[in-house]
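The chain below stands alone and is given as structure tokens, in the form predicted on its own.
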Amino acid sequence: MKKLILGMLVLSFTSMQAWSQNMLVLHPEKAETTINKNIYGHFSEHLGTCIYGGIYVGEDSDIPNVDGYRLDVVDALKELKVPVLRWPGGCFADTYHWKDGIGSKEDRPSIVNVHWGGVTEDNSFGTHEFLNLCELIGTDAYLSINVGSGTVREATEWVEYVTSNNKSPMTELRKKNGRKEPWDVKFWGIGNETWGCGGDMRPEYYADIYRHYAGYVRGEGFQKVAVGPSSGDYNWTEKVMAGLRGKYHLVQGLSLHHYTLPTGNWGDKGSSTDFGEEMWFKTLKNTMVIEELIEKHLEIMDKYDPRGNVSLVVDEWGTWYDPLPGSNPGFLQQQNTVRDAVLAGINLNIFNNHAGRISMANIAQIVNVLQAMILTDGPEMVKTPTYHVFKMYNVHQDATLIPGDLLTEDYEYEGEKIPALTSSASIKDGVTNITLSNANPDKTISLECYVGDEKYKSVTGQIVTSEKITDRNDFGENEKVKIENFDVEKPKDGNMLVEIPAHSVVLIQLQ
């Protein structure tokens, strides 16, 4: 296969005097698959300070807010162009009873967050607050239904309360609580991690449970997502798809959860800030596994669903390190460095290139938790390196994927190796977008690109990187890691040479 690809690449570069080991050949004539904007989705769980303190501070807070939502966070999320936001979990979803979070806030019962830190929450952020936030920042909502400790009736009443315009007890209750018109909720997840914190179920049992719930969770214009596997649990995919065979009118998506641990060990995951090249390499190596996971799970899905009625939804992904020293270990608070920026670029390139079967992905999580976009500390807020990569990549949202053949050198460390480069490309509104990541922490890589016969009038570039791989953005400091301009020469006869700096993520736009 490698020889075949190499031959194709050499033929494509016949106008060059010599070929290098790093080549990208784009095929704009084959561009037909849309990159669903929801691949750039996000996840917000009642975990640590993601919701309380991160997104929501209440109307009486001294922190500038609108209806209790932090203004700085709202503005940052609007700028990010968040397409879809998942809530209320995560593990929290299967202990959450939605009726506890509606009505007068002083009358709402409290809840103990048994999964994340054992803290008591007052339920002041509930269905209205979340869905109004989605409208405020211009994003679609993705709600996770409580299957682990809930009931079918509870689920159907939530759907009715949120989406129905019929005269019924639930719509009347919604109107009584101040919302006349229903919300447009397009995505409903039936359960979360039912193989673990969502009920410790067997896949055969969950498939039956899913069919039961999905048969009653009814509505027009929304998609239902079944709980899929954790990482490489191919048996779960096999059994669930077999159990849903012939019932694909009830399911539009199957989820996949995969977190990147530097060590691969849940007991000692590694530091988010204190690391050298060994942990850098292991982290990127472990994140690239997701491409193999995607392809193997899709192979199983296609066996049972050859028409592709059920898409893959990667609704939890990202880095998971040890909690920051001094923080509540149940809050999953970590920092975010250049390593996370490069890792985000790698994953997003992989998702883009599988856009024919991936309809959504949701990075965990949007504020203050795991690989967050935003960190807050009291009145202060910072945008993380991952935020800037997502902002740079949002040009791919609903663009048309341009297939490409990438030949890349390896990045080697102590006898192991991974591809040094990843790439993806798209076209939208006459602009060709090429995104590239360089996993090598020390080496600038020269990449020869063939971009087609189009006569481009302009070429611009952007880059996210910094001097050191451990650089991050922190409170009270100037941003070290952000989007900056990147110089690129115009293509000549369809060929373009790009010098990709070490540990960087790059966007090139041709028009």
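Numbers for residues come from their place in the sequence shown, where the first is 1. Note that the structure is predicted; figures quoted are calculated from it, not measured.
Keep in mind the form predicted in complex with a small molecule is missing from the figure; the text below concerns it.
- Listed stretches are 340-348, 296-304, 213-221, 362-370; the contact stretch with the small molecule in the model of the complex is 362-370, by a heavy atom cutoff of 4.5 Å.
- Comment: the small molecule is not present in this chain, but in the model of the complex one of Phe275, Trp98, Trp116, Tyr411 has a heavy atom within 4.5 Å of it, namely Trp116.
- The partner is absent here, but in the model of the complex a heavy atom of Leu47, alone among Leu47, Ile55, Ile35, Cys449, sits within 4.5 Å of the small molecule.
- For the candidate spot formed by Leu324, Thr384 and Lys480, no residue has a non-hydrogen atom within 4.5 angstroms of the small molecule in the model of the complex.
- Within 4.5 Å of any heavy atom of the small molecule in the model of the complex lies no heavy atom of Leu406.
- The shortest heavy atom separation between Pro229 and the small molecule in the model of the complex exceeds 4.5 Å.
- When contacts are judged by a 4.5 Å heavy atom cut-off, His257 counts as touching the small molecule in the model of the complex.
- The shortest heavy atom separation between Trp158 and the small molecule in the model of the complex exceeds 4.5 Å.
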